[in-house]
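The data below hold one chain only, encoded as structure tokens and taken in the form predicted alone.
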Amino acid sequence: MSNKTNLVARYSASERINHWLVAITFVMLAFSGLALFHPAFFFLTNLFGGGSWTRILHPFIGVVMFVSFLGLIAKFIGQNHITKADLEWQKHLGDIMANKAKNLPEIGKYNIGQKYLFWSLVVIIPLLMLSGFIIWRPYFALYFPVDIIRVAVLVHAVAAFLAIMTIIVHVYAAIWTKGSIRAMTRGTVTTAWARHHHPAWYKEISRENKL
């Protein structure tokens, strides 16, 4: 718990730094990847010092994001297992979106939408890394047959599209759920927010802190 009685600690400083490192590198990869993907986005190469530098930096930034994301997996995987309560909560999603839900099952630190996001990225980001590794010139692409490289290019493009769409949903949900953004900027949420959105988690930390 926070020293302030109306605040609950949700993320530590190291967790927030890890999250924002993944977020920043993801945005850099999205911009540089789009610039390399289609001429209409080539102007984005100006953010990276031109076309040559964009091509050079893109895969290295990808390695940084992948390693950082492994840190998030190690930290949060235990809290992202889908439970019966999550599945029951999901049945009332329409009412939840309309703020009409009542008598919902109590969920933990993450709701099922957040868990779907987590597991989607657990699949997509390694696909991006693996396919990117295969097409990475001049270091590794020469070790793979051209047919494998062509498949890797397709996989990389599709995985990138899915990743961008997933993150857009994530950002929208964070903005839509008032009070969520401060969790990753200040590390805390209000007790009212915690009780309302994640009651099982709030009860758990309340017992731990003997509130």
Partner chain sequence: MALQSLDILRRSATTTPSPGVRQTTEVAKLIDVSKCIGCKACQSACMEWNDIRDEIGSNAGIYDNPRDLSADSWTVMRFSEVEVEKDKLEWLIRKDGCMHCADPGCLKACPAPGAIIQYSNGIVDFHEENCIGCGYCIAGCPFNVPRISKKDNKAYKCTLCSDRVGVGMEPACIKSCPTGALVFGTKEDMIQHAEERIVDLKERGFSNAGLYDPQGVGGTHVMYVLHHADQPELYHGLPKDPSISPMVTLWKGITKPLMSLGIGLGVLVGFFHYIKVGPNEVEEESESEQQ
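If you're wondering where the values come from, they're calculated on a predicted model, not measured in any experiment. Residue numbers count along the first chain shown, from 1.
What comes next is about the form predicted together with the partner chain, which is not displayed.
Chemist: Spell it out for me: taking the partner chain in the predicted complex, does every residue among Leu154, Ile164 and His196 have a heavy atom no farther than 4.5 Å from it?
Modeler: Answer is yes for this spot.
Chemist: Taking heavy atoms only, is Asn209 within 4.5 angstroms of the partner chain in the predicted complex?
Modeler: Result no; Asn209 lies far from the partner chain in the predicted complex.
Chemist: Would you check, heavy atoms only and a 4.5 Å threshold, whether Phe60 touches the partner chain in the predicted complex?
Modeler: Judged by the heavy-atom cut-off of 4.5 Å, Phe60 is well away from the partner chain in the predicted complex.
Chemist: Considering non-hydrogen atoms and a 4.5 Å limit, does the partner chain approach Arg55 in the predicted complex?
Modeler: Yes.
Chemist: Does any part of Ile149 reach within 4.5 Å of the partner chain in the predicted complex? Heavy atoms only, please.
Modeler: Output for Ile149 is yes: heavy atoms within 4.5 Å of the partner chain.
Chemist: Can you pick out, from Lys91, Arg137, His81, Lys84, the residue that has a heavy atom within 4.5 Å of the partner chain in the predicted complex?
Modeler: Result of the distance check: Arg137.
Chemist: Could you list the residues in 35 to 63 that come within 4.5 Å of the partner chain in the predicted complex, counting only heavy atoms and keeping sequence order?
Modeler: Result: Leu36, Phe37, His38, Pro39, Phe41, Phe42, Gly51, Ser52, Arg55.
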